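Below you will find one chain, with nothing else, as structure tokens; this is the form predicted on its own, and questions on how it binds or moves follow later.
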């Protein structure tokens, strides 16, 4: 049996649309082993060990992804027994689908004797997801800049300053990525493109170097957040609360609806104050949790 641990991820970080992402210390755990079915009728055994509602048939993303890789590699696929602990909330902008893709690919690759490299897995994961800003941090950890070119993913993963933590505001409603993408314009002005390019570069350099005074400017965006705010009830109030409490930067996490705030590691009262403000603002459906940057990415180990 193989155990795969995959971190959550927050993509975009404001200006870095489809290019920047960061891995967080929130994890899904998946156990997989080959099942004794047949190639004509693969056996599908799926358990949710934490009670999370997941597909338990062949529509399960981890199962489908693993089957895809077996067939791509020309390896007989007779089915899988999968056990999942799903701590990353689904359709909340925290990379839950990327975590499933990565788990399925890494699990299948390991069970087959690792015919593919980690960079091969990265290319496949990004191709299946459509963009690498969640899959790359899930695989490699850290703050990741990722670019797809000709089916290949080019990435650089760097650690972030230990002076910061990440407060994630998660609502009690979902927002599907395809809905959040549908509201985006097909074209943007040169001015807006330059605006985002400069700030995305500043974000990467500032998080790595610890130049935290730059983050409030670096997180500013004109490509996606203005169009997505109307889809996220309470988001503008969340931004206001986070900045009033001293956050360095605040952004929609991925496609939303979660909101990511970058805060000082020594601000031990940020979470309790934020919870009080949420209650006072009538946003009790939102929860806020504090994470660090995961620097390792997904891991795989054999379990007896």
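What you are looking at is a predicted structure, and each value in this text was computed from that prediction instead of being measured. Numbering follows the first chain given and starts at 1.
One more form of this protein, predicted in complex with a small molecule, exists but is not displayed; see below.
Screening 198, 220, 114, 177 for any heavy atom within 4.5 Å of the small molecule in the predicted complex leaves a single hit, 177. The single contact residue among 83, 181, 75, 78, judged by any heavy atom lying within 4.5 Å of the small molecule in the predicted complex, is 181.
Contact with the small molecule, judged by heavy atoms within 4.5 Å in the predicted complex, is confined among 252 to 260, 232 to 240, 35 to 43, 60 to 68 to 252 to 260. By the criterion of a heavy atom within 4.5 Å, residue 294 is excluded from the residues contacting the small molecule in the predicted complex.
Under a 4.5 angstroms non-hydrogen atom cutoff, the small molecule in the predicted complex has residue 11 among its neighbouring residues. For the chain shown alone, residue 165 is not a contact residue for the small molecule in the predicted complex, no non-hydrogen atom being within 4.5 angstroms.
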